[in-house]
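In structure tokens, the next block holds one chain alone, the form predicted on its own.
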């Protein structure tokens, strides 16, 4: 049996764990730059606040209805997610981290009592250890577990857990789900299936296997088998390395000068390098792009430039150097830039990349027993260790450091909560009297 554990309104729940005063209040969490709503409490949903609505459109409503507003606190959310996963793995060892708030659980490897009892223990322990409420769906396949999870979260009669395993039970639930809401069915497939009167998940379930294979190829056939209780999507306990990494951000206020853009690009290149090192990869290509506001027809400009690195690397210094050179090539004065970013691609394992023929030490002429690349990797490991221990960007390169003239590009977080679990000064203090 496979389970899907989903943290309820995860970002909101993380804020509520450390601020009990908002436990029953309407709460919204905003995206980068405090732009749009990306998480809502059930109370906020009841007020009609839609996902993705721009904050300026509901600013007055938040005051009238006394809605608690928070900027995205990704340091807090990431750490709380790790704590949830750690708690789950103590009970069910084989876990696939599907997203920051979702995990697939393989109950067959737990060697405990039945899946429903084990699942209830998981939910109880997660609540005790983290304070995060969860919903759990259990079925024979990932696709059915997704459906069971939806029922567990929306139904008030199942106590946050739902087991979907009997054929008649499965068919009755599939009849209530639009085919477009199935995991893996996009708009194109939904429209195509609609032409054949396949409008619900049950309609697809009852289609002949040959029809599904002809109309939806291998992907659709896997989904069809999953709906029939035949697993085709195994748990992936080790995340696959990304094929490319992009770090970008829109500016709260447009930028016209080069220095703020240089600092932004240097910071994005460093983030890419950190992500490369975290997954054990190195990049062969560095691309930089800039663009103005596409909704402003008077001033339109967008451009990009890609460097091929002399050797694949995840060294922040090298990636920043080439990224800044790329920016110099595409920057044009007189434009109001709204967004910039860095993309690294051509990723290879960091311990199996091609060396440069002309790099010192490559042909046996070593310098202190290490090549410059090896010394660079060692330096980056020290930097990462210090930043992990003392906080993000406590150690950083000079190109990333802000001045009064360049700080305007930085992300606006006017409603940011403390980093309760990752910063010493923000750790809550409990007084006993």
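Rigid core here is just the name for the largest C-alpha set that superposes within 1.5 Å across the two forms. Just so we're clear, the structure is a prediction, and the values are computed from it rather than from any experiment. Positions refer to the first chain, counted from 1.
The form predicted together with the DNA exists for this protein as well; it is not shown, and the discussion that follows is about that form.
- Taking a 4.5 Å heavy atom cutoff to the DNA in the predicted complex, the contact residue among 258, 302, 75, 246 is 246.
- Shown without its partner, this chain lists 129, 158, 339, 228 as candidates; in the predicted complex, only 339 has a non-hydrogen atom within 4.5 angstroms of the DNA.
- Contact check for residue 93: no non-hydrogen atom falls within 4.5 Å of the DNA in the predicted complex.
- Put simply, residue 335 is far from the DNA in the predicted complex: not one heavy atom of it is within 4.5 Å.
- Although the partner is absent here, residue 123 sits far enough away that none of its heavy atoms falls within 4.5 Å of the DNA in the predicted complex.
- The closest non-hydrogen atom of residue 186 lies within 4.5 Å of the DNA in the predicted complex.
- Taken together, the three residues 45, 149 and 196 lack any non-hydrogen atom within 4.5 angstroms of the DNA in the predicted complex.
- Contact with the DNA in the predicted complex, judged as any non-hydrogen atom within 4.5 angstroms, is confined among 29-37, 373-381, 387-395, 62-70 to 29-37.
- Along 197-219, a non-hydrogen atom within 4.5 Å of the DNA in the predicted complex is carried by 217, 218, 219, in order along the sequence.
- Once the rigid core is used as the reference frame, the Cα position of residue 261 differs between the shown form and the other one by less than 2 Å.
- Core-superposed comparison between the shown form and the other one: the CA of residue 192 exceeds or equals a 2 Å shift.
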